[in-house]
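One chain comes next, on its own, written out as structure tokens in the form predicted alone.
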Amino acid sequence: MIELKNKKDCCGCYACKNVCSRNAISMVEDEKEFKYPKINYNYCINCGLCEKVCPIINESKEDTDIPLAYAAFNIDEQTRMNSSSGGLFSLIAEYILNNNGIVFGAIFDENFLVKHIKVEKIPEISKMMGSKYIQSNIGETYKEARKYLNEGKLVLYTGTPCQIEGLKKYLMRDYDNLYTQDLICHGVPSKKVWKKYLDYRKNIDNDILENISFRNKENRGWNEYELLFKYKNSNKYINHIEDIYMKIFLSDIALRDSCYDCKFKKKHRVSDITLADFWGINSILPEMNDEKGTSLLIINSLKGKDILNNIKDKIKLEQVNFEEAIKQNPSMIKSPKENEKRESFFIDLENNVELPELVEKYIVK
């Protein structure tokens, strides 16, 4: 059975919970509100499946082929502007849905926490668009995905690299009808910090929150993006370099323990496609940057090539050197360094020190 001795050995992917037929595993929040598996020994039958599907215990072997890398963006300008970078996810999802498939991805729930759901209709794709800088609750979507796969439906499952590896380990076999897409992930911040931030915004903005966009391009463009809080009576735009939540996120002071030693940051992913912002595009292919968002599209498999072939007429695409492309996207292969003040930060957070004070104390130099 799973015995968690070090929190860095759990990425919170939910594979162990999904695979347990006895419902002996629950995901329980620690003091930072990261979730970890807890075993109810009254139900556990020592089958060992939880260990068998853990993507950290059973690290995937890397392929030796060099992935294909592209600079790309959706030629539909409105979709692109509504996306974090180049608007490719929506095209991939549309292809799956147009072939009677199912798409799994992350959305904000009614409390602006993040969870995975499935969608079956194209208008629902918009719920999954845009960056969400908080770990998604997988719930039982691995089980749902397997059900549809066994029925023969096309399934697209999107998520962080650890979530995709968790799904693959959980399934314990390859499915020709499964397509997966991950992203270049910096790390996932504490839900506790995010909830404190939402309370902070509610208090100072004094309006009813209806939607959040982490990567709004309307005013400052793609590179200098803003956070947009849509309220019932107004809109609030915040430059990302001035926002206190983004300062906390980018300082690496509040990430999950496993993010500081991430086993999934590697060149050769188990996903079919990896998507990211193409930071550094100006030094590699400046003609592909018009400040409306450019994606780094990495093709990891034959299925990824198949997807690309089916959407290429709807995108502008230029192949680039893979090694050059990831030089300015180091989160592809490199874990963030744990901030030495992390534990003190969380102690103060627990003692209800306000977020602006925490930023001033621990982050602003």
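Just count from 1 along the sequence shown to find any residue number. Everything quoted here is computed from the prediction, not taken from an experiment.
Separately, the form predicted in complex with a small molecule exists; it is not shown, and the next lines address it.
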May I ask you to choose, among 88, 155, 262, 254, the residue with a heavy atom within 4.5 Å of the small molecule in the predicted bound form? 88
Quick one: from 131, 223, 239, 282, grab the residue that has a heavy atom within 4.5 Å of the small molecule in the predicted bound form. 131
Would you please decide whether residue 101 lies within 4.5 angstroms of the small molecule in the predicted bound form, comparing each non-hydrogen atom pair? no
Do residue 258 and the small molecule come within 4.5 Å of each other in the predicted bound form, heavy atoms counted? no
Can you tell me if residue 94 lies within 4.5 angstroms of the small molecule in the predicted bound form, counting non-hydrogen atoms only? no
The small molecule contact in the predicted bound form: residue 301, any heavy atom under 4.5 Å: no
Among 167-175, 239-247, 134-142, 199-207, which stretch sits within 4.5 Å of the small molecule in the predicted bound form, heavy atoms only? 134-142
Within 4.5 Å of the small molecule in the predicted bound form, all of 83, 106 and 275 (non-hydrogen atom): yes
